[in-house]
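Taking the form predicted alone, here's one chain by itself in structure tokens.
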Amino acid sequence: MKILSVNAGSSSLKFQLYDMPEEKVLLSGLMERIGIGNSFYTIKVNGEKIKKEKELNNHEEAFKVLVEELESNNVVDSLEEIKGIGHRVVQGGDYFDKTVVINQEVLSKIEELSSLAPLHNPAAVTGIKAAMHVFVNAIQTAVFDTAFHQSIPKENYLYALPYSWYENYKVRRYGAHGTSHKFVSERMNEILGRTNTKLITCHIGNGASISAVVNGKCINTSMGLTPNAGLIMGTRCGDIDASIIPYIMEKTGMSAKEIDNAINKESGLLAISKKSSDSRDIEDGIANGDENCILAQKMYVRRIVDYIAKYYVEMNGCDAICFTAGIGENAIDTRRDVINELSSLGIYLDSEANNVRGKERLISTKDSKVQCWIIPTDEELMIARDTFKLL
């Protein structure tokens, strides 16, 4: 059965076509600058990567070009072969705790939740509607980033704010990256050969979050109402004293929108390093003795260690710590710095094993009380699996 995984951005369309249940990738690609001019796309088929320039005015045109590529590369003989299309949706609120088949009611709810994910949910809706117009017979599903976190207990997802804010405005912890945390925790359970586990999954990229997962269920996560909570990230500040915001507004006259832009797009590694939001640039700066880059890395690592320690105590121990996503999979120095800070818990790094990028590997020593692993994430595959199971 052929399943298409889709991740639609406001001006992009990422896709991967699978033959299920074998999980064989038949075609993958990314379309960029949709609707903003000078658009182009790259596809990978039969091991060959191809880049093409093509004016794409909207997502429906992008899907039609995808169909052309599927047919011209003999990936499908007919659209009827594609039985399901799974869409990544960032915010499902507390309405969706699992992947669902999309109908008008589901689509309306995703649109309604756009206020909680203004950059992501509208783009997902655009992608869903476009896919429905092009793939008229395929079953469309919504795979929510927040669904995996719906098992978090109330004492962990509520804020100590006026209760009416939760009742009337749904102010609570929702988390994000749930599809990745689910994939990584399931893979770690496969490696350990059991499901009665306590895991700490660290999705560390430009956006970053850490989750505590017990017996396959998430019990806590670092992101909150929005993705700007928890860890220091590329341009997001993460946890701060909330009173900083009215204080700076009073001192500078900045509007709420300007403050929101500052804490989401002008903070994090970018702000402290005064150089870049990219961890690779930070590493280069550290190598050259740049004091701001050194400080940024120390703060970045400290916040990750804080959350790992918090969840270790909350779960009363841990079987494995998993590093995933762009930095987690590839930043050798960051993994080293984090694990070296955990020695008081009896966790020790195997430096030789850690000297790798993007490969699944055990990177803790044999005498470490907790195993530490690199587990490359695959959100597209998780979307395909969930869609296949529904079908």
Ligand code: AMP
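Because the structure is predicted, anything quoted here is derived from the model rather than measured. Quick note: we count residues from 1 along the sequence shown, nothing fancier.
In what follows, reference is made to the form predicted in complex with the named molecule, a form of this protein that is not presented.
Annotated contact segment (heavy atom within 4.5 Å of the named molecule in the model of the complex): 328-336, selected among 55-63, 38-46, 342-350, 328-336.
This chain is displayed alone, yet in the model of the complex one of Lys251, Lys257, Arg280, Arg194 has a heavy atom within 4.5 Å of the named molecule; that residue is Arg280. Only one of Asn189, Asn206, Asn73, Thr226 comes within 4.5 Å of the named molecule in the model of the complex through a heavy atom, and that residue is Asn206. In the model of the complex, no heavy atom of Lys366 sits within 4.5 Å of the named molecule. Contact annotation for Lys359: none of its heavy atoms lies within 4.5 Å of the named molecule in the model of the complex.
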